Ligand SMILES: Cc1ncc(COP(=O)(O)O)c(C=O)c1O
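What follows is one chain in structure tokens, specifically the form predicted on its own.
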Amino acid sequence: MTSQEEDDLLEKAAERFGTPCFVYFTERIEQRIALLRENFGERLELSYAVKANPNPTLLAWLSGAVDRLDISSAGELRLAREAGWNPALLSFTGPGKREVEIGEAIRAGVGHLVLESLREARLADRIARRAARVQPVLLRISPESLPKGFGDQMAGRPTPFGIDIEDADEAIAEIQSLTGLHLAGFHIYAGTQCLKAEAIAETYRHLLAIFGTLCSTHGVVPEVLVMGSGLGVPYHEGDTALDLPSIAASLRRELAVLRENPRFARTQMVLELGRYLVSEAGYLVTRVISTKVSRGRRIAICDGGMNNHLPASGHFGMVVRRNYRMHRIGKASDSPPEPLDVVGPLCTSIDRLASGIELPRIEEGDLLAVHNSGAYGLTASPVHFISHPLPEEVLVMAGTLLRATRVLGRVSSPDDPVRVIDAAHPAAANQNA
């Protein structure tokens, strides 16, 4: 699909569903998945981190397109099940699992409970034994270090995520003694948003070495090993897209060596991804309500802002605020770019989507598209601040606009079903059988 064809659909989405709205192009997600399959082949399964974008219609479409889902709450568990996912294909991570959530996950038959602490292990063991079950678990490990280059990295510092590598031997021994649990493997996700191929390749080598040592030391023949990908996306002008082929070439060599050890001959390696799959597939479409000049700076005031897209406003882990890419929809660039501040409708000075961004002359009524809005957009934002209406979410499938089922306010109870379109990937029947 060309940029002009995308713009035409963004404009139609704004007309049909109003603004602000989020628009997700499934064709772009398909292309990203194909790129990963092409480079990694059958060596790695793909697990989608639901936290990146939990929209139920998107989850239904992803069934069969990716191999697994990673959830981080009972709410995401319910969304996945209601979207047609087999619980056996889910892993459940997160450092703050409540006892009731662990119980719900075990009763639902979640494929792997990812243990972040011995507290969770003891709770899960007690719940599983009461239910006369043996729950497969993965132990999440916090490494002692990662290479430089990650936007956020949790290694080598105090962290709520997983068991510190220094304490892993004692923790593994206790988990192996719990009769309600089966230690099926390990999980490491210690860094995100990296655009440096060599740093990611070095990280993967390090993670595989940790897996090898732990399994050998404790006699574990792992069924599953999960690596957090850390694969970044180019949010800002000047960012360079990741060189995936070079990462894959390095990892293929390391996996080949690992497979030579009979202990890992049948191990399923899993790459956990979130933003790398969906971020660049989405746009926030917002309309300019008014423009003004204040102390020499031109300002566009829009109907969407921080309440819809906290990351684009710079308040989602960004140390130094940088503008997300954005463009004007539906008009030829008939004027030279000029600096512009783009703000939202909220009564706070931090509601700012761009500062001094260079765009063609923007006027009242124009539509703006904020790029990289497919991940950590709506559900990561303070949507109830000042009580503006919730944006619609729209999937574009084969050139057709489909209103996506809302996620917000829909996961409070397992008895509150989420309606999803019948839009599952054609291979869904095989994956969810």
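Note that residue numbering follows the sequence shown and begins at 1. The shown structure was predicted, so the numbers you read here are calculated from the model rather than taken from an experiment.
The same protein also exists as the form predicted together with the named molecule; that form is not shown, yet it is the one meant from here on.
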message = Would you classify residue 49 as touching the named molecule in the predicted complex, given a 4.5 Å non-hydrogen atom cut-off?
response = yes
ask   = Is there a non-hydrogen atom of residue 304 within 4.5 angstroms of a non-hydrogen atom of the named molecule in the predicted complex?
value = no
ask   = Is residue 189 close to the named molecule in the predicted complex, meaning a heavy atom pair under 4.5 Å apart or at it?
value = yes
key: Partner proximity in the predicted complex: residue 340 to the named molecule, non-hydrogen atom cutoff 4.5 Å   = no
request  = Go through 290-298, 208-216, 272-280, 249-257 and give me the stretch that gets within 4.5 Å of the named molecule in the predicted complex, heavy atoms only.
outcome  = 272-280
ask   = Are all three of 70, 140 and 229 close to the named molecule in the predicted complex, meaning a heavy atom of each within 4.5 Å?
value = yes
ask   = Which residue, 286, 135, 93, 203, has a heavy atom that falls within 4.5 Å of the named molecule in the predicted complex?
value = 93
message = With the partner left out here, which residues of 353-388 have a non-hydrogen atom within 4.5 Å of the named molecule in the predicted complex?
response = 376
